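Only one chain is shown below, in structure tokens, and it's the form predicted alone.
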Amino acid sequence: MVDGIVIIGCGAAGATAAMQARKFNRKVSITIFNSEQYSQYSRCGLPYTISGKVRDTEDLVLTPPESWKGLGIDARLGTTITGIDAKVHRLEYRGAAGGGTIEYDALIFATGARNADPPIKGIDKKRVYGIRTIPDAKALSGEATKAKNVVVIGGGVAGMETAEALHERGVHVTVVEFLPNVLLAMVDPDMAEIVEEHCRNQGLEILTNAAAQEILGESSPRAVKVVRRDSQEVLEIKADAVVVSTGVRPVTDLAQKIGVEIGTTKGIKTDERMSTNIKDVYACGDCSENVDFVTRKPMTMGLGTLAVRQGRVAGINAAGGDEKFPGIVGAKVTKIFGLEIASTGLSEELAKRFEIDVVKGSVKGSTKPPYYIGGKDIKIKTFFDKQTGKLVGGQIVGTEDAAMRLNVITMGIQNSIDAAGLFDFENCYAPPVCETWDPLVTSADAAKRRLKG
């Protein structure tokens, strides 16, 4: 019998867990704590407040504080958990209104992740920002009105989206990426090169295979010292402000203190019910480790789509239900200067890491028939397990319709479709919309022929 649930964290995972627990169990007491002053908001929308595509940062708040009362949920914002006694199921907390204790029957960690700042000298200077919170986005919006030059350290999704946003505001932006290409956590090098060329054509400067070593200046930046990794050439790139976007780490401090097991990816280890090794303790979202859908190997991935799905499972189970999370496929998409970049499942690099031999179907096509004016170039890669023939991943780059095609690939992965099955997929057709043989289908045909060989 569950009488009281406590949730630590009010991001996408924690908020979803609270709502789903309430939907499943109308009587259980639910309390949610958040160290930030804000209720649930969309972190993915932060760069777009800088560009103005989102009018105001407050528009990102998905669950206004007053909504929690209507749901019968006690939301304590700006409140930090200072201690947990797992033996007696009691938490200690402190906020602006003071401190106290609360008891629980089920506990959910939805503590998210924090920026993983690299060891760069001068990173603690003024006008050096992350892009993780509403205050970060507000500060960068202010920089867009006064900074002439900004260096973005890190060419992942958040870094590239922030670079685009600042560029659109008229700021000269240079992206410094340590790896040989940007977005390598998302796509393979050949796809990343398409993105880089597109961004450079828009006026964005990108330095890859380059290490940012020091932020130069007195109290605030004047330049960033960068060393090219291949030639060891030292550069000083002008910067009035710097954005550091070099990834995140799961926040697991509180969980570790009560003996919750941490997995190999440094996230809180969970099973298909989002349960930890401690009875009635769950974890979900960016702080948690689950398994890759294809390989069943440990994985953590900071996606809002995963956070809400894991939160749903954790919330229902904490409230007395029995839901299961199927594993992480990792479907993701972004759009930079009008170019859609989408990927799902295993990349070539992940396949190597997990020791899976894959066969690739790679095609360049058009989103419309060649006779119809306005078709856009699109590149699609699909990956199939060489042993089983099953679809295990895909990547798409193009200026339209990448996301919907990617969703088809993700559905195929989740339903164990093989190359022949994807080739037999009956896509719709009309000249203003798509081809009779969609490029997605022809990529499966290319792989199917290789699999036979």
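On a predicted model such as this, the values are computed, not experimentally measured, just so you know. The numbering used is simple: start at 1 and walk along the sequence shown.
Form predicted in complex with another copy of the chain: not shown, discussed below.
*Asks:* Only one of Ser245, Ser347, Thr334, Thr79 has a non-hydrogen atom within 4.5 angstroms of another copy of the chain in the predicted bound form; which is it?
*Replies:* None of the others qualify; the residue that does is Thr334.
*Asks:* Is there a heavy atom of Gly412 no more than 4.5 Å from a heavy atom of another copy of the chain in the predicted bound form?
*Replies:* Result yes; Gly412 sits at the interface with another copy of the chain in the predicted bound form.
*Asks:* Quick one: is Lys27 in contact with another copy of the chain in the predicted bound form, heavy atoms, 4.5 Å cut-off?
*Replies:* No, no contact at 4.5 Å.
*Asks:* Give a yes or no for Ala96: in the predicted bound form, does one of its heavy atoms lie within 4.5 Å of a heavy atom belonging to another copy of the chain?
*Replies:* No, Ala96 is distant from the partner.
*Asks:* Taking another copy of the chain as it sits in the predicted bound form, is Val88 in contact with it (heavy atom to heavy atom, 4.5 Å or less)?
*Replies:* No, Val88 sits far enough from another copy of the chain in the predicted bound form that none of its heavy atoms falls within 4.5 Å.
*Asks:* If contact means a heavy atom within 4.5 Å, which one of 303-311, 222-230, 88-96, 379-387 is the stretch that engages another copy of the chain in the predicted bound form?
*Replies:* After filtering at 4.5 Å, what remains is 303-311.
*Asks:* Give, in sequence order, every residue of 378-405 that has a heavy atom within 4.5 Å of another copy of the chain in the predicted bound form, or say none if there are no such residues.
*Replies:* Those in contact are Asp401, Ala403, Met404, Arg405.
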